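The chain below stands alone and is given as structure tokens, in the form predicted alone.
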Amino acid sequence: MQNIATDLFSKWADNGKDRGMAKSHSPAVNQILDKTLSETKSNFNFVDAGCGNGWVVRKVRQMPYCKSSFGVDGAKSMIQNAKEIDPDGEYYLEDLLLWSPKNKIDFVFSMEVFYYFKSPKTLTKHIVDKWLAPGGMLVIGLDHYIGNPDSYSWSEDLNVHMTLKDEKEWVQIFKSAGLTSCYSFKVNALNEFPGTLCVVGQLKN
């Protein structure tokens, strides 16, 4: 029987692995945010879907036009760690497929999360319908995709479900969920690593 991803991540948080994940993902996340968010010249609110210990939430909060930044995660210990680091921050222990924010979001970000869902299309559609404000952007980063062969064994290695798709399929998921201006790019390519795949889409105003 496969592990539930949120249980796995909760154990990782208990063991302090969340700090290592933040450090290893930081170069890719910085490049993604630089490309998609840093040129924003109007006020925005931000949510990290699958926020871990909240390091991206805290990073984005420092940006000049950010009016609010908070995180949601299904792993109990990740949220506990986030609240210990940042007691005044907003962090919600929730199932991403069931939760929706009180107010619609201008910028939804997610790193290394969507492929843990058996139907990423369902998750994407839920976020588009229930989370995103008109004109809002959904931006995700993925290291597990067809085109990064080293990632193909991860599901078996960790005994947890992972949905393996290629770049075009991910972009199509965004389009079919009702997003426009959909595109993809890669960041942080190193040696044999082809880079983190980033997929971007926007909801029409």
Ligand SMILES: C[S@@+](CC[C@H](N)C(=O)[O-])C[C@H]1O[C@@H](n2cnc3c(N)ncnc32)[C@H](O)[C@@H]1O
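The numbering used is simple: start at 1 and walk along the sequence shown. In this text, all values refer to a predicted model and were calculated from it rather than measured experimentally.
The same protein also exists as the form predicted together with the ligand; that form is not shown, yet it is the one meant from here on.
> Are Thr6, Asp73 and Phe117 jointly within 4.5 Å of the ligand in the model of the complex, each by at least one heavy atom?
Verified in the model of the complex; spot residues all in contact, yes.
> Evaluate Gly136 for contact with the ligand in the model of the complex, applying a 4.5 angstroms cut-off between non-hydrogen atoms, and reply yes or no.
Although the ligand is absent here, Gly136 would stay clear of it in the model of the complex, with no heavy atoms inside 4.5 Å.
> Give a yes/no on whether Glu84 approaches the ligand to within 4.5 Å in the model of the complex, heavy atoms considered.
No, no contact at 4.5 Å.
> Evaluate Asp95 for contact with the ligand in the model of the complex, applying a 4.5 angstroms cut-off between non-hydrogen atoms, and reply yes or no.
Yes - in the model of the complex, heavy atoms of Asp95 and the ligand come within 4.5 Å of each other.
> Consider Glu90 of the chain shown here, and say whether it contacts the ligand in the model of the complex, taking contact as heavy atoms within 4.5 Å.
Heavy-atom contact with the ligand at 4.5 Å: absent for Glu90.
> Of these, 176-184, 30-38, 47-55, 63-71, which stretch puts a heavy atom within 4.5 angstroms of the ligand in the model of the complex?
Going by heavy atoms within 4.5 Å, the stretch is 47-55.
> Mind listing which residues of 103-130 have a heavy atom within 4.5 Å of the ligand in the model of the complex?
Residues within 4.5 Å: Met111, Glu112, Val113, Tyr116, Phe117.
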